[in-house]
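Below, in structure tokens: the form predicted alone, a single chain.
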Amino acid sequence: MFQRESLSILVLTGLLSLSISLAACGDQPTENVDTLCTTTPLTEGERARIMSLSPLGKVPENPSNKYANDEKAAHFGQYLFFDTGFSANNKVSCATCHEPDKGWGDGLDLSKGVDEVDRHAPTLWNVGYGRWFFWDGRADSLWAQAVGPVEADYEMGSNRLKLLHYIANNAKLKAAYEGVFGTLPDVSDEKRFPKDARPVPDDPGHPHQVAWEQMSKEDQKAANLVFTNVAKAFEAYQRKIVSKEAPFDTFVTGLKGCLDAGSKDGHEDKLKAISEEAIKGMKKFVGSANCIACHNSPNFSDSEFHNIGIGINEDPNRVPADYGRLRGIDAVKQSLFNMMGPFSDITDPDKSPYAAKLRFLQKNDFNAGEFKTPTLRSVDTSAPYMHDGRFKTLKDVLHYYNKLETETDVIGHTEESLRKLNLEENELDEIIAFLKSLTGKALPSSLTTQPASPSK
């Protein structure tokens, strides 16, 4: 049943992608072109593709996290998101690399936690809409992603036992945790629950690994449960980081109203929500430039992975060769915290359609050098761009696509569907004007700062 279902999904996805690509290569000469609603002529196909990009719906459900929509969990997660106290140096929080006033990134090409990491911090805008997480997709849920940076050596450099003790030994944090998840384990016996411990399977002599191995299986499970509960609280909070109600959305509302009524009357203000320059850029985005082939859906991402040929960072001593999705697939399938693992809240993962993406996931050589398509919602707030932050501005990104001067040290095989845009500078500016129209309303400060208390 699920094999046939998966095959059907793949076929339908392929047909949809093909139809978008064919349409974007140039609308048929017989297609109607008019200026009923816009000064810039739009074909029927262009209008249909534009309207497929808005409105943005609700954040998808995640049955692997039963706390995903729990307000108390979200509040607790928000408090810890801005808390530096459980990092290795007591100076790094989630917000260090995901600053609200920097588009939920950090403005750096390569992010810096307790030390410099080898990738650019992706924006958290609309992160709850993703299918896979991290640039290489090595997590299949947002809560599974959240456990990674806590223990990553160069990010927070911490460990799950340090986090457990931090919460258990702080009366307010303990009360907030237990108000959502239930009773914490008694960690007063440090022989059972050492202050620092985590699995480090590649380094058997690491002090954290040694301490972890000395714990009983039951106590390891208890520590893992607290770790994942905190991660699920992080997800509950981050699902609220949504960019929507952008000028583009207002324009689409006006466009739909105009087409339904057969007149601009009553819709003029909405149709003027974006500039004529942006409308020209939008026409190219869904048409000749074919950006929509990967940046589709109302979240402006296909949530998949592509090799666009940007190659290894120019300084190989600074950033190691990054194989992207190729290694991400192995990591997500092996993770204790994936949707099919013991800490997922999916009751029957072998049959759940939500876990199907993992069950049927296969690795191929062409996955080398692939990275996830980011959302373009509020994209102008989250420079620099790409997985290694090599492009400082949106113009730099478009210059790359305009000439496609791929590098000689490309990992894997660059996708052959890529074509040079060959646009003039003013045409690139039109696309940028459109991209800027995707910036949504600012979030209230109540969502972008640490609450006064960890309890709601």
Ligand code: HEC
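Note that the coordinates shown come from a computational prediction; the quantities given were computed from them, not determined experimentally. Residue indices: 1-based, along the sequence shown.
Just so it is clear, the following notes concern the form predicted together with this ligand, a form of the same protein that is not shown.
Undergrad: If the criterion is a non-hydrogen atom within 4.5 angstroms, does every one of 124, 132 and 138 touch this ligand in the predicted complex?
TA: Yes: 124, 132 and 138 each sit within 4.5 Å of this ligand in the predicted complex.
Undergrad: Here the chain is shown alone; which of 166, 193, 337, 81 has a heavy atom within 4.5 Å of this ligand in the predicted complex?
TA: Of 166, 193, 337, 81, the residue with a heavy atom within 4.5 Å of this ligand in the predicted complex is 81.
Undergrad: Can you pick the one in 232, 160, 120, 325 that has a heavy atom within 4.5 Å of this ligand in the predicted complex?
TA: Going through each option in turn, the one that passes is 120.
Undergrad: Look at the stretches 303-311, 168-176, 341-349, 242-250 and give the one with heavy atoms within 4.5 Å of this ligand in the predicted complex.
TA: Selected range: 303-311.
Undergrad: Taking heavy atoms only, is residue 112 within 4.5 angstroms of this ligand in the predicted complex?
TA: Residue 112 belongs to the contact set for this ligand.
Undergrad: Examine residue 208 and determine whether its closest non-hydrogen atom to this ligand in the predicted complex is within 4.5 angstroms.
TA: So residue 208 does not count as contacting this ligand.
Undergrad: Contact with this ligand in the predicted complex for residue 415, defined as at least one heavy atom pair within 4.5 Å: yes or no?
TA: Residue 415 belongs to the contact set for this ligand.
Undergrad: Counting only non-hydrogen atoms and a 4.5 angstroms cut-off, does residue 256 reach this ligand in the predicted complex?
TA: No, residue 256 stays farther than 4.5 Å from this ligand in the predicted complex.
Undergrad: Residue by residue through 88-113, which ones have a non-hydrogen atom no more than 4.5 angstroms from this ligand in the predicted complex?
TA: Result: 92, 93, 94, 97, 98, 111, 112, 113.
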